[in-house]
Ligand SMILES: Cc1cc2nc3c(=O)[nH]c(=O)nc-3n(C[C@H](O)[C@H](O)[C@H](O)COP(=O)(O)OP(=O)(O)OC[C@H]3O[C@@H](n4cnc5c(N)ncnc54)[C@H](O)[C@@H]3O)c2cc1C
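Encoded as structure tokens, the following chain is the form predicted alone, with no partner shown.
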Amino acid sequence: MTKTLIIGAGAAGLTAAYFAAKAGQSVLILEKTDKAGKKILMSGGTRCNVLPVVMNLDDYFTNASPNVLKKVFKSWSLNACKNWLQDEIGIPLATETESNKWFPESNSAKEVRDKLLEACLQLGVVIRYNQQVKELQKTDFGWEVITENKIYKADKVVMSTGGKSIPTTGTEGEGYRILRNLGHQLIEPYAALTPLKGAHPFEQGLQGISLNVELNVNSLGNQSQSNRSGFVFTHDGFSGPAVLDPSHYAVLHQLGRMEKPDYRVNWASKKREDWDAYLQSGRGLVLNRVKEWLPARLAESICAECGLMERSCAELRREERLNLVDKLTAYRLEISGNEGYRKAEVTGGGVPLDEINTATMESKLHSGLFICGELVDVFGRIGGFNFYWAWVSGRLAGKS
């Protein structure tokens, strides 16, 4: 009998395997695809942003109390996790302070996956590929893990199958079905950190334009500003970290689970009064004045939307100027849809933290069943925060 069986060889699963094996457990990983860590390999544009430099609880979204989430992160500090990756797993890291990110010095996601996998194998972890788990059954002696052609027996099971994001990597959400069958009351999963669809200013095709903005979101009466400024016009909408971080508000609204959020963009991160004074003091065409701060095509679209393409600054009436200032500092994005799981970085929803012992990541419903990573109702914003959650929750499950 295998003492500890781990389902899924992603970031959380490999971390759980490492710490379970280090604690002396006999560990077997079942991976449904033909290789471990597929999402690791493609993360960060294949550079793999393994951790943020600084983190706080506001960087994460969960339906649980922040105090519950805090207990999990207190189990392993950001610095201790970084030291583990460097000193035990053997991945030299380099920081990008300006973007709050830690990367491997090699800028290679493959190195991260390979070193983590190698560390597990050196501890005696066994991995069997192309093993899709169909069901879990609790028995008098422990657990039966049922695949298409075999039944494995284990004392303890760690569920780390991942969510439903980027299904081309093999993440199709089967873990949610298995956990529902075991009685867990899941928060219905949804696509998070996904590009949004919507009309461009003046309905112009602005795809390919990228710039730094301030994006504010008002949802349920609470206003928040995106932590990142990168904004990209896609073929049929918007992407970039500024959009991805708060995209779940739009997704939840489209699923009928939240009131419509209000997305407002300050295109040049300039204050209203500064734009107002700038336009009043200008000479020549309004369009040329705006182009000094915005990409030309975006400036043209906004001026056209305001009916000011041929107007000079001297000709601007007060109401026209203030309307333009509104469009420049608080442009409302009209969201019509989202790119879903196909392009989502992570999955929101999942097993509520209230159904998990956060000191161990063990299910409160079934002893010997541990749940970690994306299956849990926790996700972070862009920038290594979801890797940190995978490392922390995987470690707790493995140690326990």
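A residue's number is simply how far along the shown sequence it sits, counting from 1. Since this is a predicted model, take the numbers as computed values, not measurements.
Absent from the display: the form predicted together with the named molecule. The rest refers to it.
Of the candidate stretches 36 to 44, 62 to 70, 332 to 340, 352 to 360, only 36 to 44 has residues whose heavy atoms lie within 4.5 Å of the named molecule in the model of the complex.
Contact check at 4.5 Å (heavy atoms) against the named molecule in the model of the complex: none of Pro195, Ser247 and Val265 pass.
Interface membership of Ile166, defined by any non-hydrogen atom within 4.5 Å of the named molecule in the model of the complex, is confirmed.
Contact between Leu396 and the named molecule in the model of the complex is not found at the 4.5 Å heavy atom cutoff. Contact between Pro104 and the named molecule in the model of the complex is not found at the 4.5 Å heavy atom cutoff. Proximity of Val133 to the named molecule in the model of the complex falls within the 4.5 Å heavy atom cutoff. With contact defined as any non-hydrogen atom lying within 4.5 angstroms of the named molecule in the model of the complex, the contacting residues in 374 to 392 are Glu374, Gly384, Phe385, Asn386, Phe387, Ala390, given in sequence order.
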